[in-house]
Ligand code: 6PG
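In structure tokens, one chain follows: the form predicted on its own.
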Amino acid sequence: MTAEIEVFRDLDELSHRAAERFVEAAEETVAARRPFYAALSGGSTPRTMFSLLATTDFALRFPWNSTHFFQVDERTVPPDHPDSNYRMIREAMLDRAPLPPENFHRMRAESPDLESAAHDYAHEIAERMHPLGGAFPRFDLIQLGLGTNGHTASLFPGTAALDETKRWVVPNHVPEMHTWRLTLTYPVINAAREVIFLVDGEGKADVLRRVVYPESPEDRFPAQGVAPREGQLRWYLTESAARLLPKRS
């Protein structure tokens, strides 16, 4: 399926559209008599969207009791650390939204045993989502970002997780950052019904162009591995991020 690209004036406009799409997707899913399962990324760009979802205009429409949020990835820090993706999501949304506490599923990346943490998180996904034998879990919506080096989730250039084809969650060593991360893998991301990239900022413009419209063999980036097999891929971009993309008629 062809990716849909929408360009917005600024981060505020992008965030409103993204929050609206989250509500729409959740309403559609619950109307089909299924729980809504979504996976959330960290970073600075989605913070505004998370905050909007907790405001009255959106919160009153959102089916919180039928929603389960998971994490796309997490840094190996405690949950109260300033670099924690969970802490950002909690401060922006969870502290103010009526999501039942048990409906947020946190990656425990502060664990000294990351292999066990990855296994436990995959087990938690399975226990909640009950995919049929041998199938990957099918999230209703996965929200991703884009790094200036073309990474998404914690799938960084040249790292081992890029080659994972079976496991749902893996520890991934990121040499350029001298650290480890926990991350969902391509097979899980690409099994989703819908994936939305949120991209903002002039600093992302060059890599965004090369990811979406590669012009040479050197234009190979982890974000290009995101291609939902039976789902919709959307790019929500600010004008500053999209400034180098070809003009569309």
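Position 1 is the first residue in the sequence shown; the rest follow in order. Only a predicted model underlies this, so the values are computations on that prediction, with no experimental measurement involved.
The same protein has a further form, the form predicted together with 6-phosphogluconic acid, not shown here; the description that follows concerns it.
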For this session: May I ask you to choose, among Gly43, Pro63, Pro214, Pro35, the residue with a heavy atom within 4.5 Å of 6-phosphogluconic acid in the predicted bound form?
Result: Gly43
Exercise. For the chain seen here without its partner, which of 98 to 106, 165 to 173, 146 to 154, 113 to 121 has a heavy atom within 4.5 Å of 6-phosphogluconic acid in the predicted bound form?
Worked result: 146 to 154
Exercise. Does 6-phosphogluconic acid come within 4.5 Å of a heavy atom in each of Asn85, Arg181 and Lys204 in the predicted bound form?
Worked result: yes
Problem set entry | 6-phosphogluconic acid contact in the predicted bound form: Arg75, any heavy atom under 4.5 Å | yes
For this session: Go through 90 to 104 residue by residue and record those having a heavy atom within 4.5 Å of 6-phosphogluconic acid in the predicted bound form; state none if no residue qualifies.
Result: none
